[in-house]
Structures are given as C-alpha cells and as structure tokens.
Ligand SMILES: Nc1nc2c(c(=O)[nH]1)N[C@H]1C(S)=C(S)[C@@H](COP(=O)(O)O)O[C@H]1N2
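Have a look below at one chain only, the form predicted on its own, in structure tokens format.
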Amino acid sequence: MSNTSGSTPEGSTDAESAGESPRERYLSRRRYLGAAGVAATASVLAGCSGLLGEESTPTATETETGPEERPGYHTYSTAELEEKYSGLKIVSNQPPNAETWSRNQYTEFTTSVDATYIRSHYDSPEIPEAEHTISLEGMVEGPTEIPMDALKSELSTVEVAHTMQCAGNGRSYFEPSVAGAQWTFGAMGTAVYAGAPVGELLERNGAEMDDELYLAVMGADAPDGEDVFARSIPMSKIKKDCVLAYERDGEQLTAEHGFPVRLVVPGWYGCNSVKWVDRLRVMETMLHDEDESMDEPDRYTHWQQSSYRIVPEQDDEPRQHTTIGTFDTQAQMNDEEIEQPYMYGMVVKSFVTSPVEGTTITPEDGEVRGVAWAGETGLQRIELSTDGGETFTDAEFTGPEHGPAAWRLFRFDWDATPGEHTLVSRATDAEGRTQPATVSSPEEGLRQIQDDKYPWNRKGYGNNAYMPVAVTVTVSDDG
C-alpha cells in the first residue's frame, strides 16, 4: 500500500514510489493499490485466502485503537513499521510485509536492513534467544535439541553473500493481474549472512545425508492451528552451502528477518530461506500430504506443495511430488514430469537502478547503473538498451564479486542525447539463458520461457521479463 504519511524517501520519485511507469499496459490496473488502503485491497481480493492472496495469510488489522494484539508476537501499527524500516514501502502491518521504495537504494553491493524487504505469512514471533532450541528429528541417530548457544559456539561460523528475493517479486507486472502482494521491483535485497553450516550440524548429530534425501525446515511463526511454514530442501543443496544464519552484515537479525535464526539457501528464492527455524527433519521425500511418518502431515505441506509453484491458467491445483530430478527452476519449466515447477533456484534477472523512473538528467549525467543476478548458475553477460529494447550494447560488471548467489553491480557509459529515452537491461546466465522481454498472456498457456516471453502463472511467481522494469528518463541540456 502507499505510505500513509504520503511522503517518499529522498532520491525517489513520486512516480516510482507509487509503482507507476510509462508502460501503462502493465501498471494501470494497479492504481487501486494506492490511497484506497488495506481494506479496499482486501475487498478487491474477496474470495482469496487473506490480504496477500498467494497463501493463507491473515489480513492486515489496524483500527482506531491500533493493531490487534497477539500474545507471543510482535504487533505493529503501520507507523511503527515505517519508523523501524524507513527504507520500505509498507504493504501490510499484520503480518508485516514491505518492499524497497526506490531502485536507487540498490546502488551498493549490500542493502541496508531498513531497506530490505519483509515477506511474512504471520506476525513475527517473540523468541528469547537464550531459550530457543532447534529440534532435529527423522533419519538421525536420535532426536535432539540444539540450543542457540551451542549453534554459535560448537559449530563453525561461515559467511555467505546472498541476494534474497521473494518468489513473487515483479508480480504486479502481470496482465491480467493476479492476487497477492503487488510487489514491483523491491521484494529483494543483498546481504552477507553469518551462521553455522547445516551440513556440519547434521553430520555431528548422526543424520543420514545421502544426496537423494531431503531436509524439512520448519518455522516457529505459525499460530496454533495454522499451517506451519515449512520447506523441503534437497540434501545435496544442504551439504553444499546452506547456513543457519544468526547475523546479517555483522549485526543480529531483526525480528522481521528471522531473529534469532533463519535458514539461508544461497541462490534460491527467499521462500526457501525459512525464518525463525525451530525444527529440522531428515526425510526420504519432500513434505507431502500422504506422509505417514509425520503427525498431521497436511499442516506442513501447504507451503511446499500448493504454494510457490508455477501453475498456468489451464491447470488444476498442482500435483504433489515426493521427489523431483532438478531444482533449477527454469530447467523444471522444461520438464514434462514436473508440470508445475517449484520455486527453488532463481532465474536470471536484472534491472536499472540509476537513473530512476521519470527523472531529467543532463548529457553529462549519462552513467547508467544496475544490478544483475542468476541464482546458483552465475552470470555470463549484461547488456543495456537506451531505446526501449530495440538494440542492446554490452555493459560492464563492477564492484564486489562474492560468488553466484549474490548479485553483481553493473554500469554503462551512455553518450546521452537530448530527448526521452527508455532504459532497460538484459542479463544472460552462465548456461546461456537470457531474460525474456515480456510476460505472456494466460491464453497462450505457456509452461516455459519461450518466444521471448515469461509464462503467465496464477500466482505471479518468478517474473524475470525486462520490459516491465524498464525506466523512461528525459535528457535535457538544461538538466
């Protein structure tokens, strides 16, 4: 939703802060998301499960007397969230959800914590670190409880640079629109996370660790009776680089970013990096409804099997799999057995961060900057167009390089001429896969990226088309 104070952070434009752009065919349907507020949005999404639509999420609750108090959870008014996270545009206060205000907040390698998006399905639990433990169960020598002090003192501490991105980032550019939080470009951010290697924890506690197994990771945020947020991470990935993180950029996590401990799955969509981790279970399969080894298995499967799947218009609800052969999301799109891909490895994506939408610059201010990333795969190339995607020229990567899980900054020296120009970037990953130009229509029924189009899907996941995030600027000799 719009900032209730009506203000925008310094450096952002009114057009960009409101999610507007010259590509009206993508964005005109979003106008109701402004001053109408939370209640109006909830009514628009009538029939969907919760305000944010994509999952069973409690609606935002804020009355004249303030937010609904929930014992054991942090409860915020919108104003309190704005004060705590001044770099974010608040989408809802209960549960807290917010995205970065302006592209030019992404011109540095790391994103400040107060400008890093929040995606929560429930309110943030109040968890005393000294009392918190993580249970380990399933295919292990014996169930055990790992307290936070043991996680920090008895295991190695490693760091990983990771670009955390919500699977629904870019959802607002789908036409026709889909339900859910209407993220534009700002449901993402990059940080250096520190914590304990999950593989080391499992090994020390006698867990079975064959590559074909899965680790179910569960969060402590679900109120009694609600679906537990849980994800099944393949053991091959767990052993490779997954971390139980308790710090980001040298500081402890905030409540909304998972304090006291969250999973970090480098190069994969943020839905896999479970926050407030309190339970790990080594399993032969993904979480699924028919799993007889668990009590109430259906309480743990929604977020793994029903949500965070790419489902085209023509399909029924996604089919549950117990295991799959690839965790590269784009490769899954081409796998006929999977049909509705799971949101695991991030697909290649980029966008311009400076100049921002709607600004006027002089020819001397022609440097264009941006960010590009490609999940685990890594980047091969970045290109820039100043004529709305008609022609592209190679740009150059700059700044730190901390492995494929974190974005690269890029720059382009533009010999700018007076007039209106539409700037757009296009990245190619190490497998030679390039961003598509647009999003398909649902009638086309695409299941994969083809014909320079990203497949429209029911929940707007994974959008990496470059034209919706293009920016139009004016070059003037007068500045």
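Every value quoted in this text rests on a predicted model; they were computed, and no experiment measured them. Start at 1 with the first residue shown and count on from there.
The discussion below concerns the form predicted together with the named molecule, not included here.
- Heavy atoms within 4.5 Å of the named molecule in the model of the complex are found in exactly one of 113-121, 289-297, 371-379, 174-182, that being 113-121.
- Within 4.5 Å of any heavy atom of the named molecule in the model of the complex lies no heavy atom of residue 237.
- Proximity of residue 273 to the named molecule in the model of the complex: non-hydrogen atoms within 4.5 Å are present.
- Residue contact with the named molecule in the model of the complex: residue 137 places no heavy atom within 4.5 Å of it.
- Among heavy atoms of residue 229, some come within 4.5 Å of the named molecule in the model of the complex.
- Note on contacts: among 408, 309, 103, 257, the single residue with a heavy atom within 4.5 Å of the named molecule in the model of the complex is 257.
- Contact with the named molecule in the model of the complex, judged by any heavy atom within 4.5 Å, is made by just one of 191, 166, 395, 201: 166.
- Shown here without the named molecule, the chain has no residue in 186-214 lying with a heavy atom within 4.5 Å of that partner in the model of the complex.
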